[in-house]
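For reference, the chain that follows is the form predicted alone, supplied as structure tokens.
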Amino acid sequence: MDFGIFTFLLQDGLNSAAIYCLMAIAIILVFTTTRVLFVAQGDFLVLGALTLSQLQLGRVPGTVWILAGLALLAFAMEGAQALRERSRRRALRAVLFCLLVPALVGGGVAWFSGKELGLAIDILATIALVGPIGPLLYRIAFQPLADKSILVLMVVATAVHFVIISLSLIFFGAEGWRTPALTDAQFALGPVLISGQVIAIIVTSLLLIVVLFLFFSNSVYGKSLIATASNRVGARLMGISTAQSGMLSFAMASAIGCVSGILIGSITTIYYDTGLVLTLKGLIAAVFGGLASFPAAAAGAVILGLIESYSAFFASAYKEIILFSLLIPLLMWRFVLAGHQDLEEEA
């Protein structure tokens, strides 16, 4: 292996690590707030990439109809709850967030589709379409079961994953899609050319991490999420709505997944069922952080990306085996050994 190959593999590994880091952050965010091990996180990435690809072709993306269906179902559930409670405020909130906002977003995107307003507008429209899907899914599938066990919530999350990939297959088809690159720039580093798109992916990931850090450190909503993650009962006693915290965490997770899809869609072909593998790799990084620490998860993502890149060079046939085999010792290290230590301390 010469320096050129080493540098190319390093670039590829960091590129993958940036995406895995975003996946891990979203998984940890959702899990700590709602106790949902959200195995459908990668499906937001798929929806983001496929939606942007359709907008670039001048078509109305199937995401419009997915959003409309989820909005109507959520409105029916919220409306029924409002009638039972005889709450006019809840009914107005249901009309606003479950009908008006999705209708404006979906209708607006359908109206300007094919008008060639530019990549930036298409990206904003993609985020606007995919972003609300997260909180709608939480309202429909997880909020009624918020107090159930983690196992029940994981089973529901698995069911949500299969529903999303089925809808993606119906609306986008089985063929793969790519999105346009954010930049065509190339930078020379000795004998190696570094793609501007790779730099854009890494920089965007770092910016999102910084934004999330500032959000959790300085905003009231961020602190409410931290409180909910630390103690759900205590958060309720302090007047924090755990339901709203769950919706906010799912909204952030869907936005992060959408941005990840926009970034990665230009360097790899995205299919309707690509999300699960990316979620599992993000989960490995999240487990490295104990499903609690964002910095540790980011470090795990870097290690994972580099291992994947270099193992693909030396033993490409065993790349996935090597990656997913890491999950077993990581689980033992982060939970079995840590739990044993905790029991010793309590004793």
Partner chain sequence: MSSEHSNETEAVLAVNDLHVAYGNVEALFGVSLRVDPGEIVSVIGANGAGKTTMLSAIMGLLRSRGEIRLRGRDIASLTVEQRVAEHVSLVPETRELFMTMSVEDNLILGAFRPFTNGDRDYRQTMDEVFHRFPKLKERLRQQAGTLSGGERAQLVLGRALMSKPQLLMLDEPSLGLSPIITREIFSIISDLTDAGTAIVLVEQNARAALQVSTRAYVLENGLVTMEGRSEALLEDHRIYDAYLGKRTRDAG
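In this text, rigid core is short for the largest set of C-alphas that superpose within 1.5 Å between two forms. Note that the coordinates shown come from a computational prediction; the quantities given were computed from them, not determined experimentally. Numbering follows the first chain given and starts at 1.
Just so it is clear, the following notes concern the form predicted together with its partner chain, a form of the same protein that is not shown.
**Student:** Is Thr269 close enough to its partner chain in the predicted bound form to count, meaning some heavy atom within 4.5 Å?
**Tutor:** Result no; Thr269 lies far from its partner chain in the predicted bound form.
**Student:** Check Ser224 for me: does it contact its partner chain in the predicted bound form (non-hydrogen atoms, 4.5 angstroms)?
**Tutor:** Because a heavy atom of Ser224 falls inside 4.5 Å of its partner chain in the predicted bound form, the answer is yes.
**Student:** Just checking whether Ile240 would be counted as a contact of its partner chain in the predicted bound form - the rule being heavy atoms within 4.5 angstroms.
**Tutor:** Ile240: yes, in contact with its partner chain in the predicted bound form.
**Student:** Any chance Gly114 has a heavy atom within 4.5 Å of its partner chain in the predicted bound form?
**Tutor:** Answer no; every heavy atom of Gly114 is more than 4.5 Å from its partner chain in the predicted bound form.
**Student:** Out of the stretches listed (240-248, 105-113, 180-188, 258-266), which one is close to its partner chain in the predicted bound form, meaning heavy atoms within 4.5 Å?
**Tutor:** One stretch meets the cut-off, namely 240-248.
**Student:** Only one of Leu100, Ala80, Leu92, Val220 gets a heavy atom within 4.5 Å of its partner chain in the predicted bound form. Which one?
**Tutor:** Going through each option in turn, the one that passes is Val220.
**Student:** Sort through Met252, Ala235, Leu208, Ile123 and report the residue having a heavy atom within 4.5 Å of its partner chain in the predicted bound form.
**Tutor:** After the contact test, the surviving option is Ala235.
**Student:** Does Thr183 show a Cα shift reaching 2 Å between this form and the one not shown after rigid-core superposition?
**Tutor:** For Thr183, whose C-alpha is compared between this form and the one not shown after core superposition, the shift is less than 2 Å.
**Student:** Classify Ile123 as shifted (yes) or not shifted (no) between this form and the one not shown, where shifted means its C-alpha moves by 2 Å or more with the rigid core superposed.
**Tutor:** Comparing forms between this form and the one not shown, the Ile123 CA shifts below 2 Å.
**Student:** How about Val259 - superposed on the rigid core, does its CA move between this form and the one not shown by 2 Å or more?
**Tutor:** The answer is no; the displacement is under 2 Å.
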